[in-house]
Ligand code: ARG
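To begin, one chain is listed below as structure tokens, in the form predicted on its own.
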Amino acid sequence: MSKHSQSVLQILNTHVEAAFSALDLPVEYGRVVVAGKPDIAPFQCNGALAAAKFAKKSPRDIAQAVVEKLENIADIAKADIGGPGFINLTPAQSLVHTRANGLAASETTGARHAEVTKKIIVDFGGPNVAKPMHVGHLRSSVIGDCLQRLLRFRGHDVVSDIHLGDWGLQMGHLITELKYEQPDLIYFNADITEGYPTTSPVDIDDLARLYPQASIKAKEDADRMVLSRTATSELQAGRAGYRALLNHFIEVSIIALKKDFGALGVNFDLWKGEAAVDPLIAPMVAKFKADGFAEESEGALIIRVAEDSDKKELPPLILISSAGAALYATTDLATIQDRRDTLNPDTILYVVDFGQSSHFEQVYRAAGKTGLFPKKDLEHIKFGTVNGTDGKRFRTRAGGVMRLSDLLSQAKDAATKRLDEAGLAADMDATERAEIARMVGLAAIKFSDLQNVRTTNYIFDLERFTSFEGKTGPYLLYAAVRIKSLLRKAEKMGVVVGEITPEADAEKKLVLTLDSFNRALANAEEKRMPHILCDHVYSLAQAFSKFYADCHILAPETPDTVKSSRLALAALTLRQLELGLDILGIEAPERM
């Protein structure tokens, strides 16, 4: 990597590692990090403390020797010692100057592709056919979409799959309830095996009504449950009329789901479901049996996945139930086989909540044990729950599960109220104002979710999320809009961007914040943690706000060269801010 493409931190790191090496100390002790107290210096090296044990010297003596080696290095303005042996580092103004213009010249504002790129499948979404999307689908959708965007931006070949739930008992419920209401439909005549209508006998509203009706009846009546289970078995066995109905159910559900996901700004490359891999199940199970991995137990066919190192018992994976039915684990394994054979991925990510941890551990172990796919390349991207202010799972006031469309509508209404309170978008027509409210509401929901460490639960508070102050999506949108307004004003004044010559502290701090973009992306990718990118874009907005307050950009008394420099720095900030927001799945309006 050339020096021109390196960050300030990387360049300082090279110098400090060389100093440690020159003192016959391991280079890893020369690692430079962002300082914990940036008011003292923006960077520091803490390696002298660890090296002291290695060299049997005091940390301050080692730190002093390193500082002496760093004297007269043009990239370092100051290196001094703090505390028990911390080495505080301030980069030279010339280095910050050069790096600022390098970032401005970069199409991606300094972001680079990963050193090793892979073929990665991201499995997320997972809604069931015939069921409207609800708030429970929010986290998998938002986190999964952010990860696919991030991985693509980092240069990976990414394929996303919704993985529809279309092969379980709910299908039997739908078939039997539809038969109860319309028994004369051609699909229920077992003697007819072809020539079915191309138009579905039901729409999504029918499915949303039929499923809960059947589910309630089956819970209250054992005989009714038998009917649904029998229909499910006949469907999986290939009964033609039921397969034709399934195709109708899937088609109308996908149309509705695309509308819901579209409103959320989420897209998938593949719209496959469990039913798509049914032809693979029988030969896959037969191979597992032939290879000695599957065995019978109490009438079921299982794969034992427990390991001696397990701290708690992990039950066997059930391939085929005692009733002869394939289960979720079976279709998950068949899906892995399908992906392996058709897409040949290096890694498969499953963005699914913590509650499925045991299930996926069983599947991953079975895949690795049978040679289907390496266990180490199957990752469960776990996440916590969205809770209400009572600490329980977020629901409607009536106690039901909130539909996602209702949640988005509430967010838009809350955003409209916030715009009114702040006096924003007041001069716009109703159409533009409604569009801005939609964008603000969506930014509030997405950022509030993504900024949390994904493995934790969080409290859903729309009042707080839609605020234009604090660490919120609307605050970031306002920061972007403010820069856009500045650029429009500069254009009218005839001020153009020029070379960036950062001199004021706020300018330098903004440049160093911009310079940390690639690190944030790399860390977010490595840890599969979107909140790391959220932290960066928020820090960037804060650094710009400080710069905007401290450094007059278009004021009459500001020299023209300084205007052009500061305008270029503002334009660079906007580009990076919008890049970061786009990876988070958030779009900023042109004005408010």
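Numbers follow the displayed sequence, beginning with 1. This one's a predicted model, so the numbers in the text were calculated from it and none came from an experiment.
The same protein has a further form, the form predicted in complex with arginine (ARG), not shown here; the description that follows concerns it.
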Checklist line | Proximity to arginine (ARG) in the model of the complex, single hit among H173, R139, H163, R154 (heavy atom within 4.5 Å) | finding: H163
Next item on the list: Could you tell me which one of S215, T513, N128, T347 places a heavy atom within 4.5 Å of arginine (ARG) in the model of the complex?
Entry: N128
Item checked: Non-hydrogen atom contact L450 with arginine (ARG) in the model of the complex at 4.5 angstroms -> no
Check: Any chance V352 has a heavy atom within 4.5 Å of arginine (ARG) in the model of the complex?
Finding: yes
Notebook entry, point to check: Does T117 reach arginine (ARG) in the model of the complex, with heavy atoms at most 4.5 Å apart?
Noted result: no
Check: Heavy atoms within 4.5 Å of arginine (ARG) in the model of the complex: does F360 have any?
Finding: yes
Check: D123, Y328 and D332: each with a heavy atom within 4.5 Å of arginine (ARG) in the model of the complex?
Finding: yes
Check: Of the listed stretches (238-246, 94-102, 163-171, 384-392), which one has a non-hydrogen atom within 4.5 Å of arginine (ARG) in the model of the complex?
Finding: 163-171
